[in-house]
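The chain below stands alone and is given as structure tokens, in the form predicted alone.
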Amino acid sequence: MFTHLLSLLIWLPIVGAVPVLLAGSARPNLARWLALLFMVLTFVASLFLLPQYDAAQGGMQLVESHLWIASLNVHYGLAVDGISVALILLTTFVGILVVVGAWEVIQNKPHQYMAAMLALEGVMIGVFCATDALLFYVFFEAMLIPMFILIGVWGGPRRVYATLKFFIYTFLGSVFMLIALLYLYHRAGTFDLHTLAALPLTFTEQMWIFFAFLLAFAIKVPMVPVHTWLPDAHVEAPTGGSVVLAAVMLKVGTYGMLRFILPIVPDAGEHYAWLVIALSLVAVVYIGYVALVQEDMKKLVAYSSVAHMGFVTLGIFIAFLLARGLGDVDTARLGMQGAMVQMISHGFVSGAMFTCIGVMYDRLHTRQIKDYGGLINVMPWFGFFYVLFAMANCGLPGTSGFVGEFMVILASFKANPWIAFFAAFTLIIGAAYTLWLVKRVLWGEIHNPHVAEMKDINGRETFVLLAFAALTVALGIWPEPLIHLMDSSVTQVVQQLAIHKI
């Protein structure tokens, strides 16, 4: 089993989607239970990664390699390091909560909805395991299909517009990535990522490849100015789609930067690090102000995601300034660790925030902030969870939202105090838009008679929110296990930055 554990994690949910789909609309409960069964089995299988992966050793482990397309020297190559393991665990954990969260909510073709979720989970795990660039690209593109279906079928009134915008943006970036991969294959004769990392490239070659990769992954993160598809996709997506999109799919962009930009084009990465840092700071500061004026709760949290993911890209590229510009590998490691912790934390917090919005929408069928007010009076338990996740979104110490951001700010200060100043500014603007949201939704008197009729969270919703809350608090109080899991892998990534190809 352990020999092919990674293949099991990828294909178990994908194969599981078939019986769920065959259950048909005539047996919706059977489809739901089968979907939950396969999600739980995948999560249990992913837990075996922890004893099987040697965190102290780091590097790529649990390697699987089989010749896939002999004429092109393409391999079905899989392996994981500590960063991959953390992201796979996040994916399988969120998968269970998405299925439970949609149990009663999705009444239209629930078997197709659950099957799409299972297929999406499988290909996302494939992205985090692939060590062959072409295999990575296949999984990277395959993610679009189930998400396209989820938004297009179960989305809101403008779902067709949002779906097409999401698809066109992401697919356009992928075309540039494919061109870069084909050029690298022409030079190296293989798509193996380890071989591509050792391939000598001139600065001109690195520059073109850097911008091709950057465009593909920046759209996925998303970074300013290619972020405009995200708010539309979130607003129109069903709750489960928004949760998976925010909690896992956005991480594929930053993960791609780690696997492609840093090792393959390190010199171009160093030369243009200022550009990514500047765009990250724009996301952190300017997008925070954009979030402040939103009247739709989902749009507000979507823009908040852009700002928080700006911390991840900042932590990754600040490492270039520290490791190669100042020769400070330890602080570069701190910034990179902060970026990785922020990725996992954002998965919990953003997923929880969208779940909370879904709970309210299921009862009142509106996401407009002005339609609420005084919700704490009729939904006290929901109010407790909502405030907790709002505090984590602000970066309150003791929650997961604080840990990664604090580490990135510390590393940024060593590189340049002004970068740290603007990065820390998000703690102020983030608190502004989040607390103002909470004030208008939860506190005060009830003015809408429909709000007065709303019922507090049920057992199913409590389970989902409690699971998110437990990990948000646990990671905030005791981040050491997660940092230890990723530490050796982060160290090796930072050491790669010191390699010059020209």
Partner chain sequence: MITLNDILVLLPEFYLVTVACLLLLLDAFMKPEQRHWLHWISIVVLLAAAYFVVAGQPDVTVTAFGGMFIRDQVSEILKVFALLCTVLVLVYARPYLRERKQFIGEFYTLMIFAVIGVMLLVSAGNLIMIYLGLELLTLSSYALVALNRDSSLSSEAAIKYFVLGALSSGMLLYGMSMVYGATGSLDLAQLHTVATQSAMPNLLVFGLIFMLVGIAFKLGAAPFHMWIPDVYQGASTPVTTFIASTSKLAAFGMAWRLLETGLGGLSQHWQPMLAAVAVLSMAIGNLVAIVQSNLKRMLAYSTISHMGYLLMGLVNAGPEGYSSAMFYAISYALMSTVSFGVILALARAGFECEEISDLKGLNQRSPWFAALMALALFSLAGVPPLFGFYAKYLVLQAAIDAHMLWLAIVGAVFAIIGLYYYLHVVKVMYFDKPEEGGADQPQADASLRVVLSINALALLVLGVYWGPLLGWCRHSFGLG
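Residue numbers count along the first chain shown, from 1. This is a predicted model, so every value here is computed, not measured.
Just so you know, the form predicted in complex with its partner chain exists too; it's not on screen, but the next bit is about it.
Heavy atoms within 4.5 Å of its partner chain in the model of the complex map, among the stretches 35-43, 465-473, 435-443, 64-72, onto 64-72 alone. Among residues of the shown chain, residue 281 is not one whose heavy atoms approach its partner chain to within 4.5 Å in the model of the complex. Contact annotation for residue 203: none of its heavy atoms lies within 4.5 Å of its partner chain in the model of the complex.
Although the partner is absent here, residue 293 lies well away from its partner chain in the model of the complex, with no heavy atom inside 4.5 Å.
Using a 4.5 Å cutoff between non-hydrogen atoms, residue 374 does not count as a contact of its partner chain in the model of the complex. Among the residues 370, 186, 158, 365, the one placing a heavy atom within 4.5 Å of its partner chain in the model of the complex is 186. Site annotation in the model of the complex: the residue of 103, 176, 361, 289 reaching within 4.5 Å of its partner chain with a heavy atom is 176.
Contact residues in stretch 189-220 (any heavy atom within 4.5 Å of its partner chain, taken in the model of the complex) are limited to 191.
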